[in-house]
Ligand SMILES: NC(=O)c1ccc[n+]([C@@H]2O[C@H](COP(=O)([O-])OP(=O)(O)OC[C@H]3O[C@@H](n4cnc5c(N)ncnc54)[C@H](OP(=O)(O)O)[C@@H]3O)[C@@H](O)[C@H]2O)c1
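Shown below, as structure tokens, is a lone chain in the form predicted on its own; questions about how it binds or moves come after it.
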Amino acid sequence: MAASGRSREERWSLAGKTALVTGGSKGIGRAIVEELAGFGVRVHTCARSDADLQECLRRWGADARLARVTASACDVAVRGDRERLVARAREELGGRLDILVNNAGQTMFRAATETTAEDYARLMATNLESSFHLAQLAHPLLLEAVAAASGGDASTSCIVNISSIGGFVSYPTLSVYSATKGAMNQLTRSLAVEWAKDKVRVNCVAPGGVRTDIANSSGLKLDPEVSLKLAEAEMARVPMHRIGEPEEIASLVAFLCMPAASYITGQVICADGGRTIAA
């Protein structure tokens, strides 16, 4: 059943769905967890730091909309951790998975000539390999959700990858990070074509500058004045002249998971205040 065969309320609802969101303890990931849970989705999430997860669970537990969120520690760069994560999510979500959001990622500011083999391998494993492998692991569960749905409609199961405008525009010292995001964009398109027959939609959101601490967590330490000047220079190239908020990315992710988006697949959507279209 296409979205046109549903009521308006059904097209814009995620009630009763289940989701696995990686990297959900901070920034965009946390906003996605909270947005989906607010729409009635049962969410399982993960992060490398169990302490960060426990703090989130305590905070979420005080909100009736978020109290059903579950979490487990996982380093998505590690194959065994990914396998355990999906097994745990299946257990926590009652054997059903409707939505996979590949959000976890790391950045690295380093000149190409100074990038080590270890640096390269870590970023590739965290940002790209994890997205591919988690999609592989989730695929049987997404198919089960399709089969369980009434009529097996095409909007039942979906994957949303979180990329970056770094996959479209070039920044100094971000060559490896940008390569992982460009590859994620193409992985999105390829899986969308391959899995359309399975009624699994695959899309990607590519944020521009968003108010998170990903730069600080990369290990880069900048003088506050230098950091401010860099931010001002970047914002000058954004037509909306401001940085994005995590909730603005999360709302787009939620839309792509809804039946209202049932005819959208294989798309990489930039949420960047117009940065990638500005001269």
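Counting begins at 1, following the sequence as shown. All values reported here derive from a predicted model rather than from experimental measurement.
Although not depicted, the form predicted together with the named molecule is the subject of the following passage.
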Place the named molecule on the shown form using its pose in the predicted complex and a superposition of the nearby C-alphas, then give a one-word verdict, open or blocked, with blocked set at 3+ atoms within 2.4 Å of backbone or C-beta. open
With heavy atoms only and a cut-off of 4.5 Å, decide whether S164 touches the named molecule in the predicted complex. yes
May I ask you to check whether R42 falls inside a 4.5 Å heavy atom distance of the named molecule in the predicted complex? no
Do K181 and the named molecule share at least one heavy atom pair within 4.5 Å in the predicted complex? yes
Taking the named molecule as it sits in the predicted complex, is L66 in contact with it (heavy atom to heavy atom, 4.5 Å or less)? no
Site check G29, T126 and G209: each within 4.5 Å of the named molecule in the predicted complex by heavy atom: yes
Report the stretch among 97-105, 137-145, 110-118, 168-176 that approaches the named molecule in the predicted complex to within 4.5 Å, counting heavy atoms only. 97-105
Residues of stretch 74-103 in contact with the named molecule in the predicted complex (4.5 Å, non-hydrogen atom): C74, D75, V76, A77, N103
